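Structure 1 and structure 2, given next as structure tokens, are two forms of the same protein chain, each shown alone.
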Structure 1
């Protein structure tokens, strides 16, 4: 499974734990869907690559080109895409071995699907995708799921049987959902350098016409797209989608007002009121599977490896002040499993805002205020760099509140904000002292990518054997009761050792022209662009 920072990929399992999401449907009332037109979208982050498995950001652009076997819908339920059905134990698509340690999944594939170059899509592409991703020479952002597969059988062009080494409850949100690679175009190629990274070949509704790094990506209709509407009209309706790279929040809002862009999937909270007043703009508030967090680098300053210091950080941070500074949209939380899930543990150790207690913890740890008010121990000042993605207005506002809160107890935080590849590299490699950002996940998340020893998103270098064991138990069973129990225990232990401080949940605010029909927001890390084929612009 892919987890991404909100630049934009919890305790619940698909179809098992309660998922209470509020989604807003903007279909518009139109007599008929109009064909044609160009939708211009503003993205607040720079794009590193168009390879969905290599990017360190949300795959907004990639989702219009590349399709998987399944995809989550607006309610975070998986639905078939290139597969004809969602495999389950009940329909015979999932079979667990007699000893309960392995499983196989059979995907029945759609017929008459073509890649945008006209080559038929087959089960050979599914098998090749696994082989390409697990290849150690391929430097991917995430290879989650590839290591769990022992083999793939392709008895015919429209059947793929995926054999797993373990029982994998997260199968639907890993490699075969995020996208399939075209075997005929990539076999024998270096996926790290191939032109595919600039111009991916897909089965989706659009294809890449032009990609100018740091500027824009122009997508044009794929005339060979397989999907049709209820009247038999071939999709997509739109001629083009243009993604403009606009990292500066003020510029993004200015271009929304002027009509230079008609949509942005991430409106700064401070700008919501003025955009909501525009007569031609709809503001969509979308509950997403996401939370903000402050992480400590365990490979960094020695003080941050002291539990007393981490607890002092937690007590010093005024989460309510952060929520208020962001218009009240995000809500304070106490655990990394967001509260929409029934496995969110409300009985974890909590760290309510208490600067007096924070100071007492720092005093007990031997950190005394220096002449300038910043605490010192053995000649080491408590002065650290805090990483935030540059240009993310919401995060930069929260960063200032955190800096102010920590200064009040004698800890100095200096902004170290980065963008593009520099931000991505710092996040993955631990190029920070403390790191403030957000994660958005799939409907059946795997927390080991964040908190297990060596996890792909564990750039902070955190390692804890008890956490590892609890995550292994949660992530190797199809029994929802076992999953929930392990996840509840995991959260309790995580908040005791405190490698991360959960700050707030997230509400995604999307600005979109009222001329766009059939737009439905998506709460998962598959992005709001996972199903653009039916979008249309009203004349």
Structure 2
């Protein structure tokens, strides 16, 4: 449990979308794919519910059962799943109203898709999903996107027209990508307590055979699955996928070594080298589109509202030391839009590691070293609480480098780490002076949740009209050029005001047996298990 990278428990799905680009290409070999076999996967968290909308974790298991209309592929481009095409303005799938304030999206649904109990999948299920999620009685972890929709029309069983209250460029990263509910099984049921939470009914390649809480989930082939391979063979190839719950990170690695599990989607950095040496394991590194950051609480100590202080922090932090301390896996960054995005601005104000400059800035601003070496101004010692999520080994290590970096320029940081709900509460309410953690963006990033006045994830209480305006411009248009330029300006401005210091962008490490064919590390919040139908085990 100690090293378990627990989900971020973020309030917003948008803030949870995780995307990565594979740096190691696992090319599908020309060998014939064989049907059969069981893949055993180790998960480091204890599954709370198998309802994808209620769980506090990313739905690794759920992704093998539940499908959405669209899904992100390995490069985070949306591809159709239960829909036949990805709707765009060009193909007429997206229509914007004359006043440019609303839009509607038409999904053409795949025919001959059946729920694993044999009932056909239709547009009524799509409409039901939205209604069920929107229902205030349903206590969901995420209801993102459900409020943007004003109504859904179902002119025929294979067409769903979703009418939006606003122009929502992020429509694909929410509701209908996440997963569709079976109307025939859930109508009139209480979604909070229904048996669906134990045994979800889906259209995906697998169905739940047995869920033993705290132990494992066995997924077995869904014989009614709609996908076939190029030779017409019914998918999936695998008979079973077994997810074992192993809360202790050391035990997880031990199980990989002993062959008791064949795959785990996230290996702690410190353990990667030991696994590298295993002959039958592939170590897959994903450049995750997430970034680690240090936030200042604007509702906190007065000194943190002084730009000079924030700049001094930025110059004082040794980002490359943090990267090195974590095995070189995370890479230093200069802006919040991570480098893989074309909208990442390379020309923002940069703050290269320079403790001398940091000290000079603080001296000039009147923060003078006190008798214990810690700076003081107006009787206020520069001593602050730094929050990270307790139990996240990587974050705790970075935290210690940051503490040490700042001590060198005369600022004291005291660790105030929390776990679970206490952490969540502090994060969203600003229960810290400075806060180190990671945010993860979707393929179509929404930054207003973090930096706009009153944004859901803006626990630091940052507010800047210029930033607000730029974000509004970026997030209410379907024109990529307008969006890009607004995002560029937003970053330039953000790095001048510096409410947050971007530290590194991350890499996630997947360990997987080299016997697994066709494995593509799908790196989004839809997890690596989003398309398991073509995976097969070599004999």
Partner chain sequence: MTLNYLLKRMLGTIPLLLGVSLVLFGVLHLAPGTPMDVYADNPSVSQEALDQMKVALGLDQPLPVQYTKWVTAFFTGEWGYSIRTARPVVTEITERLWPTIILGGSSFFLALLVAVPLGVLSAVRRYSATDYGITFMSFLGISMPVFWLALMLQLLFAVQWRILPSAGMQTIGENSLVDLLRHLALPALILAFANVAGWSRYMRSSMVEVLSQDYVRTAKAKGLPHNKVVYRHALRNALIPVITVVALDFAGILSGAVITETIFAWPGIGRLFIESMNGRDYPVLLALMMLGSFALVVTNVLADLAYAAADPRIRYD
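None of the values given here were measured: they were computed from a predicted structure. Residue numbers count along the first chain shown, from 1. Definition used throughout: the rigid core is the maximal C-alpha set that superposes within 1.5 Å between two forms.
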| property | result |
| --- | --- |
| Which of the two shown is the form predicted on its own | 1 |
| Hinge of the chain between the two structures, where one rigid part gives way to the other, from 122, 222, 507, 74 | 507 |
| Whole-degree rotation of one rigid part against the other between the two structures | 19 |
| Angstrom displacement of the CA atom of residue 310 between the two structures, core fixed | 9.0 |
| Inter-form CA displacement between the two structures at residue 343 - rigid core frame, Å | 3.6 |
